[in-house]
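This document starts with one chain, in the form predicted alone, laid out as structure tokens.
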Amino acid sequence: MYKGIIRPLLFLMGPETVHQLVVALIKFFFAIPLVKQLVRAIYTTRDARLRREVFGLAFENPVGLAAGFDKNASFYRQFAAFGFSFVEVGTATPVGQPGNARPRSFRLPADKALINRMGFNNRGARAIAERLSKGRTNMIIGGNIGKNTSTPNELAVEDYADAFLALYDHVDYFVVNVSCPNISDLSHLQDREQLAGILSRLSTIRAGLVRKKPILVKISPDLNWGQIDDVLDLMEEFGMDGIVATNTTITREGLLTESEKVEKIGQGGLSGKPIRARSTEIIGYIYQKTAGKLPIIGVGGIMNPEDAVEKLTAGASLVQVYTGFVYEGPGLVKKINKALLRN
């Protein structure tokens, strides 16, 4: 019903409008007694064989919702009912910011893809922390952190430290986002010297706190093998706990969508089916390079259960969906978990 009726109607509107509408409708209906419980019963798969312990945290199943969907921790409690075992909120910056000008999110239906240049629009790390403090679920919450657009790269370490401390008591793990293509020059923070400064600072801060929480790094699919090696070396040096592979891409190769349409959309990060293979390739490389010792969250182009199994087989410990959830609907998580139980 979703792909035959609901999705065609939703796709008549812009992606950002649909996102806001869907969230509002879910909140409205979940306020009705028993609706949330009914949705949970339909979409949640509970089986001990799905459980994973990764970087010291116990996950009910290996499927999570990627960062960017719930930027402000506005509806993570509702989305637990769709079968996710974890949700990554953010990207959170120290100071709230509106992001880039609209339109900033675009669909490429022929490619089952999205292009976005949202620009870290969020209400700020402290506002997100306040929302998280008002109620938690059993679901694991990750905090994706970044720098403000106006902060120059040479001062970025202060932004990451600020967001890190603001969210520390309210999330279960952190993801250092240095790879989003929609913030000017952010990808340069993946360079060895810049990244070393950020990871060193976060590691030092964490060492002085009572409870040690996992820190992961999210990398771009556009890095070459040498650059990935540099990231891995720094992660080992500063005791990072895992890696998220991968973010969106700036490449536009091999798309089925007319080139004129793609050019008209302009800049932004491409997600969805076109980055599936590259994301999986990077996961496999990292797994081999680290002898399977570094936990990997695989994200990028998971449009069906087979794509999720592919990433887990390549070496991912967990997977996240975003664009696949948009195109395939709320049943995707259950389908993935059912497929894992069959394998």
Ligand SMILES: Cc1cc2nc3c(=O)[nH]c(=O)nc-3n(C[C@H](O)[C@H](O)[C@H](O)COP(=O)(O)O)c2cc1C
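Predicted, not measured: the structure shown is a model, and the values here were computed from it. Residue indices: 1-based, along the sequence shown.
What comes next is about the form predicted in complex with this ligand, which is not displayed.
Heavy atoms within 4.5 Å of this ligand in the predicted bound form belong, among the stretches 234 to 242, 196 to 204, 209 to 217, 86 to 94, to residues of 86 to 94. Not one of 305, 309 and 337 comes within 4.5 Å of this ligand in the predicted bound form, counting any heavy atom. For the options 62, 68, 284, 295, the residue carrying a heavy atom within 4.5 angstroms of this ligand in the predicted bound form is 68.
For the residues 140, 129, 81, 118, the 4.5 Å heavy atom test against this ligand in the predicted bound form is passed only by 118.
Although the partner is absent here, residue 316 is not a contact residue: none of its heavy atoms lies within 4.5 angstroms of this ligand in the predicted bound form. Though the partner is left out of this view, residue 272 does reach within 4.5 Å of this ligand in the predicted bound form, counting heavy atoms only. Taking the partner from elsewhere, residue 321 is found to have a heavy atom lying within 4.5 Å of this ligand in the predicted bound form. When this ligand is considered in the predicted bound form, residue 166 lies well away from it, no heavy atom lying within 4.5 Å. Residues of 227 to 248 placing a heavy atom within 4.5 Å of this ligand in the predicted bound form, in sequence order: 246, 247, 248.
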